[in-house]
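Taking the form predicted alone, here's one chain by itself in structure tokens.
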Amino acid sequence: MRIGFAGLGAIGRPMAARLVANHELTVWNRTGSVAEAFAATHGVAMAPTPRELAEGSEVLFTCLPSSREVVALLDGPDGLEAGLQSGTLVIDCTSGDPERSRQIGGRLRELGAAFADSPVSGGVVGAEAGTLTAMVGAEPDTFYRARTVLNVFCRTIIHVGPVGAGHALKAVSNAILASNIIAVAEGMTAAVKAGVPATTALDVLNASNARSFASMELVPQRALTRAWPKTFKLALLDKDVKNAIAVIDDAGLEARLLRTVSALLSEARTVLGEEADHVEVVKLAEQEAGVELRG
């Protein structure tokens, strides 16, 4: 198929790269030099504008920081909508806002296009390996169309509900991830203050029912090594958890724990800055305890 891909960030780039072998790919990126480099490396076409990206595509992927950027990409004389063809399938892999996704889906439906919100989980490593999990919000027939192209970089593709449901679930999923990271950090710093070596505390956690992805992968690979690789910005996790709070508000729920997690992430973002990685939220617990979780 003729596929257009907008957004060659940390995770979008390997996702797009996996499409090269199976489809006729054209790319666009807000920073043009990034798209030029990708096109040269992979031997694919580069569209100068979103409109031209849309004009030649049967399927369009967007993979941007937030729904606000997706809306901006649609708008204007050179936007995606200006070049969109009737029957085009738009798949938004952004970790977006469910309400805005429903609005985008309505706009595209009026133009004769189909829309699926399909955020992914698995990070850069999963994108490179083609093992991501996609949570797809769409009408059933749109889901079946989307699945035939998502399978290039996803191992697990799940239809989670109507448009907006994918982004709602992704937001909640990342709120739970943030909760786990903070809980492991606070619990481990308390254990270290009590005289337990950080590696010993982690070994016990990971041999018990308290284990999680945060304790098994993130904390040992980053906090214990002090490596802090920049794979997913804390600012983006903060945005996702705020989206989860909006989902919670829409449901009329209190969700005291997740609201506290959201407040802690906002504090960490202020203290650590916009370029900090999401796992660096651990540093807040370390600073409060006056210890580091070194291996």
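The numbering used is simple: start at 1 and walk along the sequence shown. Computed from a predicted structure; not experimentally measured.
Absent from the display: the form predicted together with a small molecule. The rest refers to it.
Residue contact with the small molecule in the predicted complex: Phe61 places no heavy atom within 4.5 Å of it. Shown alone here, Pro65 lies within 4.5 Å of the small molecule in the predicted complex, counting heavy atoms only. For the chain shown alone, Ile11 is a contact residue for the small molecule in the predicted complex, at least one non-hydrogen atom being within 4.5 angstroms.
Not displayed here, the small molecule is approached by Cys93 to within 4.5 Å at the level of heavy atoms in the predicted complex. Put simply, of Ala178, Val120, Met188, Ala146 only one has a heavy atom within 4.5 Å of the small molecule in the predicted complex, and it is Val120. Contact check for Thr31, Val34 and Asp240: all three have a heavy atom within 4.5 Å of the small molecule in the predicted complex. Contact with the small molecule, judged by heavy atoms within 4.5 Å in the predicted complex, is confined among 210-218, 178-186, 74-82, 120-128 to 120-128.
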